[in-house]
Structure formats: C-alpha cells, structure tokens
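Listed next as structure tokens is one chain, alone, in the form predicted on its own.
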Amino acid sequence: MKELGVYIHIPFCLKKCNYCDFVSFSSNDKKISEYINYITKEIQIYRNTLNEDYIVNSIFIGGGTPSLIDSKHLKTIIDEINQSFKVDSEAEITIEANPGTLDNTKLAIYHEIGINRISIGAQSLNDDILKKLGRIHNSYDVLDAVELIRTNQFKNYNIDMMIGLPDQTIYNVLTDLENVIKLKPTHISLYSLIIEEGTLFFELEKHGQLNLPNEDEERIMYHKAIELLEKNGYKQYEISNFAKEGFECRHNLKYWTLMPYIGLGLNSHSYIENTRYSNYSNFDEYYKKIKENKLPVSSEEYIDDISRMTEYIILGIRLNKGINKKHFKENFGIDIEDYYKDAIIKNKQNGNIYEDEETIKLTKKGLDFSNIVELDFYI
C-alpha cells in the first residue's frame, strides 16, 4: 500500500492577521457545522475515487484556526477518515493551534481522537510586535498554551516563529528564541515575513508605513537564529524548520519529497498520481460540487516527467540532506549530473551548492540564495 497524507483546511478565525493572505472567515456554529458536514462527504468521495490502496500515515489540520472550533467537529472528521481509509496506528496527526484557544477539555478530546502533535502559532514573544502583526494573543498566552499542552501529556509540539517583522531587531529574535527553547518544544519553525498582496501589510508597505528590517539585517537574524537553535539541539532539516532528533514534521516532508497527499476543504491542494488538484476557495462552489457527488476541484494540472524532476529538485534542495543522486536516478531513470550539468557547475563555482558522490545540497551561502539556485534548475 502507498503512504498517503491528508490535509484538512479549517478556514475560521476570530480575526485575520495583518500579514495573512490565507482563505479564512469569521465563524459561527451553524456555518462551522455545515462546513464539517461537507468535508465528511468529500472524504467519502475520495474513498470512492482513488484508484489505488493507500494507508494514511499523516494528517494535518490547518487553517485558519482549527483549535477555535468545537472539538466534536474534529472528532467527526477523524472518525470519517478512519472509516474511509486504513490509518497507520502510528500516524502523525497534527493540529494548528493559536495561543488562547486551548483548554483541558479540548486537549483531552484531541488525545481521544488520536491527535499527537500540536503546532502553536506564536510568531513572536514580544507583545509590541504581536500587536503590529494583529495577533489576538500575547506572550503570556503562549506560555500558558505550552503549559497546558505539557500538562496534558503531549510529547510532540511545534512553535512557529517569524523573523523580518516590523520594528524587530536581532536582539528581539534571539531573546524570543532563547525563551522558546526554554519551553522545550520538539520542533521550531522559523519563517521570514513575506508581504502578500491583499493584506493590510501590503497596503502599509506600499505607503511607506512599515518599518521592516533591511535584507542584510534579516539575513543576520536568520544565521544567528540557526546558530542558537543548533547549539541547543535543534537540527535544521529544511530551510525554515528545526527539530530534535526524530521529530521532523512527517506531513511537511511529503510536500517536499513529492509524496501523495489529499487536501480537504476550501482552497486545499492535492497531489495524486502525478496530478495536482486545487479546491474551490468559496463556500458556494465548494458545496455545489460536493452536492453533485463530485470532488470540489477548481483546477487540475498533470505534472509531466520534466516538471516533476524540476519540482523534485527545487523542493529537495530546501532540505538539509539535499538530493540523493541514487534516488533521483531511481525515480527518473537518468543521472542528475548529466541532465542538470550546467546548473550544478554554475552553482558549485558560485559556492551555492556542495556535491559529493551521494548528494547535492545547499551550502551555508546557498541558503541565502536558494530562490536564485532554484531558478537555475528550471528547464
């Protein structure tokens, strides 16, 4: 049986953050209940549509703010997945949670339905910066959330942090990370702020009203953060992700290694049998398709061999272990050194990639120029 990942999008939030361009909406019980009902039907359609036998070994509940909704809805979804698919008894099941939305009752139900990994969206532990981001929590809420998680015997939890934020300094970044490390998470994600069109930050930056660190300052933040995290036992395994040994995020690794996954809910994406599918991003069209007993897919794209090789390279190069030459040949039937000879030579000469007999991977310098390196592998 092939391994399968399942992503579930819960598009409800109390408030949209100033930098967020994800599909999300305000919530009420009636709207949430209706949406969950349609997700269970989507699961049933997938059960009857997939051509091969799969075993689900990772489930990721994202949003939005999944921890905002009543836990009974999450139980409904997980129960349906268990009834529709074979689920690995050791599957990684993650839920994203915002500080301030967790309590003992919710966490007890999470345990009951099999959730074994929690990802806390902290972003910062500086209250002034959190206000600028439009977050609804403060630093004490993060500490309380972690205490609740640990008290309820969750052994695997991630904390999301961000760099390159308005008015953020290198001192802020390192102080925040030192305090996060004290919370002993098994995993830390460290993302750089990206200003997306359609967000409040996009408008503020356009009018010169965002005081962002410059590019050099942001790079220093990143490299100092890596040094601090690795010194404290957090191994960098992807450009933005660090983990204690054995706690790498299994679900995200599927995305980066082109393994199959299905996405449930609004604006979710799936990758099955070399085809990428995108769901509708509005309720009416999403519901309409499911009522017709069809997958709520707004577009699909077949990934041919050349495109798949390109994606394999540009996603795989983000991983610290790099691209295994033997695995590449097993997947595509050609030697990577032959097909991408010019790109490899150029980036080795520029000091962006390192090559040995087994792998090709980014150097420390290459981490800063990963987007440029990736472009050289497009064919």
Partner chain sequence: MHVSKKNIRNFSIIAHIDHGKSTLADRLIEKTGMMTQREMQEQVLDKMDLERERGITIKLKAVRLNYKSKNGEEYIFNLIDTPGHVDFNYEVSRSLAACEGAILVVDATQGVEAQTLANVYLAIEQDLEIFPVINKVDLPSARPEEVVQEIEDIIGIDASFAPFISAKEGLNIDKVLEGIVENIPAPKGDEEKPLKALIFDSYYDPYKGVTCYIRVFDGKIFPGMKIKMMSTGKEFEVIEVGINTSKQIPIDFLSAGEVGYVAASIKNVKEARVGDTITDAFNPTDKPLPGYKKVTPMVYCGIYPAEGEDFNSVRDALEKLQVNDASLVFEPETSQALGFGFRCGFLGLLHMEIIQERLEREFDLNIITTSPSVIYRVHKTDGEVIEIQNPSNLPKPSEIDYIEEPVVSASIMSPSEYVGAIMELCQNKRGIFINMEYLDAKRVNLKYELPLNEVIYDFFDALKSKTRGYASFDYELKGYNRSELVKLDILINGELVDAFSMIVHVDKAYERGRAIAEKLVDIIPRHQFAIPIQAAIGSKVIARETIRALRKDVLAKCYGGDITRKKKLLEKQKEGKKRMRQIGSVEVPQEAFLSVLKYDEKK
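Positions refer to the first chain, counted from 1. Everything numeric here is computed off the predicted structure, so don't read it as measured data.
Omitted from view is the form predicted together with its partner chain, to which the following refers.
When its partner chain is considered in the model of the complex, residue 218 lines it closely, a heavy atom lying within 4.5 Å. Shown alone here, residue 346 lies within 4.5 Å of its partner chain in the model of the complex, counting heavy atoms only.
Under a 4.5 angstroms non-hydrogen atom cutoff, its partner chain in the model of the complex has residue 314 among its neighbouring residues. Although the partner is absent here, residue 361 lies well away from its partner chain in the model of the complex, with no heavy atom inside 4.5 Å. Proximity to its partner chain in the model of the complex, taken as heavy atoms within 4.5 Å, picks out 184 to 192 from the listed stretches 85 to 93, 184 to 192, 229 to 237, 139 to 147.
Contacts to its partner chain in the model of the complex (heavy atom within 4.5 Å) from stretch 1 to 28: 7, 21, 22.
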